[in-house]
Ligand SMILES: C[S@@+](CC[C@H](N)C(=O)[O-])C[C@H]1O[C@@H](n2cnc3c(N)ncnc32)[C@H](O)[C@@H]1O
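One chain is shown next in structure tokens, namely the form predicted on its own.
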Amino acid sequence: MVHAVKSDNELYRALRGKTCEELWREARALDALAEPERSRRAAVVRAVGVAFADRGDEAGKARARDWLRGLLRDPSEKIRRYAAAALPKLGDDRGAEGALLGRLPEAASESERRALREALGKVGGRATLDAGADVADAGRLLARAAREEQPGAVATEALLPAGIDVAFRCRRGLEAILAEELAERLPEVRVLARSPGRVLARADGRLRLADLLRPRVAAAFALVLGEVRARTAAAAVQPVALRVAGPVGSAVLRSATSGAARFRIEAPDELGDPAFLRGVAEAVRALAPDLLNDPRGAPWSLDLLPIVGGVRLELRPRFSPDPRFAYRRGDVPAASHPPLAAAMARLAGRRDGEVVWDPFCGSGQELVERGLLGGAALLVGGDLDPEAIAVARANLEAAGLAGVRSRLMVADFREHAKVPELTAGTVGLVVTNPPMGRRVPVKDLKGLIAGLFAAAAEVLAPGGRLVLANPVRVGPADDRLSPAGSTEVDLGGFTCRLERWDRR
């Protein structure tokens, strides 16, 4: 028996790297074999499931599913078990559920029944529940059935419990800008604390979930359910579940979700022990059967965040797309992260009637975010890439900036003197996220940034501002621009300086 298992694994390793077409030929060859050679080649079934799941196109996956469903009635029990295990790898499939359920009463052994139940636990839904099949994770089936019958979404008009704490998340380095924005856009909350990448605030009254979407610098926000202290993961399971299913957690999930109240547990590696996460999901369902953990497409994330001696619980709404940035009709490589563009616009500030220029406009996000602050008379964007200009134009039009003119052009910023709107001393704000030299190679990045400073000093009117994300330690070559603030910002794997310079 040991030799058979070893031989099986060796054959599987030899097969799994083959192309889908090569494996399909192996599958057809298996169909022609008789016992006992047929069972000895059962690893072909495993390899087909893995390869087509990873590399197959939709037509190939459908062909593989049909073949595997047929194998559930193969004379070889080993092949039937392997087919049951392989089917879930090819995704949710109601046809697979029916075939597995149909085979379950006829299973020849406990091993086969176990394989069928495990597969149903992965692809089963309402039919499996109605059949009363004994599967290991009934919660997963309930969640899948709920997803299909009433998918649900975040209900932004729902009222939140009074006094709830809200964690606004941002890129590290933007905390001060975000706190200032909260004071302006969301005066109903008061800031309690700031930490890297996070601003904690409290809503003393009752707010709608939609109100928390007013700040644009935040990358996301989450509702804080509290903290749990425990010596071990096992000891934390029930207290964590009580927080989720308690008055605040259950009220949010039920009232602020249209459809089934589904959430997805997310945790970093140090909290990601499968037994702990599974225990939390089961304990929540035991306390509140309508609150379902669902790893696929859930409207909410239950974020478990490590703290000293325990875990912090936060409920984060999952928006796709983010309604704050619904103007985005397209994107280009190396485009700004929208909350970063919003932070740059806020760092620049609003002045009425000014001309705004982005010499590396990309998809136009800095121009849109400055336009949304109000007061701009003209938005001018340039880029060397015609595709970027087309995307920026679509995004500006979708933003619906009433009363704001715009001009977008394929142009090199160094030739700004040829543009009538960019004559010396006429621009109020230059705001830009120039190429960083990471996703889009730049031959002389320092020279590019030095040229940007020179161009800004030329076109800015006295008192005008330059706001840029500066990836290098380069500043202006003369004293026409004076520093007016900067912060180091984490751009995901590297940092740059968000800088403001004022024209003397």
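All residue numbers are counted from 1 along the displayed sequence. Since the model is a prediction, treat every value here as computed from it, not as a measurement.
Unshown form predicted together with the named molecule; subsequent notes refer to it.
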Checking a candidate spot here: are A236, F276 and N293 all in contact with the named molecule in the model of the complex (at least one heavy atom each within 4.5 Å)? no
None of V332, A133, A115, L209 but one has a heavy atom within 4.5 Å of the named molecule in the model of the complex; the exception is V332
The named molecule in the model of the complex has a heavy atom of only one listed residue within 4.5 Å, and of E421, E180, D204, D385 that residue is D385
* Tell me, yes or no, whether F413 is in contact with the named molecule in the model of the complex, where a contact means a heavy atom of each within 4.5 Å. => yes
task = Spell out, yes or no, whether the shortest heavy atom distance between P435 and the named molecule in the model of the complex is within 4.5 Å.
result = yes
Worksheet item: Quick one: is F221 in contact with the named molecule in the model of the complex, heavy atoms, 4.5 Å cut-off?
Response: no
Item checked: Exercise: F325 in contact with the named molecule in the model of the complex, heavy atom 4.5 Å -> no
In contact with the named molecule in the model of the complex (heavy atoms, 4.5 Å), from 421-429, 256-264, 73-81, 332-340, is stretch 332-340
